[in-house]
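Take a look at this one chain, the form predicted on its own, written out in structure tokens.
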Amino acid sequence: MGERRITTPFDDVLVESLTSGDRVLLSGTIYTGRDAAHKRLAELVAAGQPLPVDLSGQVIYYVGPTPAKPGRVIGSAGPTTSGRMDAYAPALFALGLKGTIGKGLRSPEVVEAMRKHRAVYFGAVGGAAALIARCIKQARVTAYPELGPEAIYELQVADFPLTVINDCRGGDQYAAGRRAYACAP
């Protein structure tokens, strides 16, 4: 199976065309966010306040990039563990977020929220942060600069390699992988 090229922003048609296990090359605008930024977003949602970025049709990459070296757009930018954002993800999906990028399993509540709101979870390769950074063509802080690497960045990416882990129908690539390699009793 080859890689499929997709571009942000996403709509339901695109999300519904993705299946767990698909390999994609993502281009366009994505946003970053980790624990501290998600906590602030959740507080705004709970208070009925607008978010600092419009997440409708967008993708959040769970990353805290390192500072850029001279002549570089960004430093290392490897994925962080997605489960740390699970408490916040369902509310963001309800606001129109269509995708997240990280590493590791998602909770049953997040998987259900992706089904309900037509969203997808992508896995990025851990341990390849310097290589991933090459796919990032522009980076600028759009919210919470005082959080340093945990600020919300707007990234322009080109051919960012990802795998669909959870699709909007409940497909789970991690579960499929475990089944494929399980020993028979």
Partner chain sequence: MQRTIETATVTATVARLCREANFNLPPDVCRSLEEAVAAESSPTGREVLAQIRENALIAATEEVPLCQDTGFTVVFLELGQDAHITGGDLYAAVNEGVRRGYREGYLRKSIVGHPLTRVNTGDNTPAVIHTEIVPGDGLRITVAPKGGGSENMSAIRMLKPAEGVAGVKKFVVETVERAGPNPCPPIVVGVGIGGTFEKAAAIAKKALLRDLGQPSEDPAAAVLEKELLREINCLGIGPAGLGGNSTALAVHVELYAAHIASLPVAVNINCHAARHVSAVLPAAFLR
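Predicted, not measured: the structure shown is a model, and the values here were computed from it. Residue numbers count along the first chain shown, from 1.
This protein has a second form, the form predicted in complex with its partner chain, left out of what is shown; the following refers to that one.
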Contact assignment for its partner chain in the predicted complex, among A158, A143, L44, A128, heavy atom within 4.5 Å: A128
Selected contact from M114, I101, A77, L97, since only one has a non-hydrogen atom within 4.5 angstroms of its partner chain in the predicted complex: A77
Touches its partner chain in the predicted complex: T163 (any heavy atom, 4.5 Å): yes
Heavy atom of R23 within 4.5 Å of its partner chain in the predicted complex: yes
Its partner chain contact in the predicted complex: P52, any heavy atom under 4.5 Å: no
Partner contact for R134 in the predicted complex: its partner chain, 4.5 angstroms, heavy atom: yes
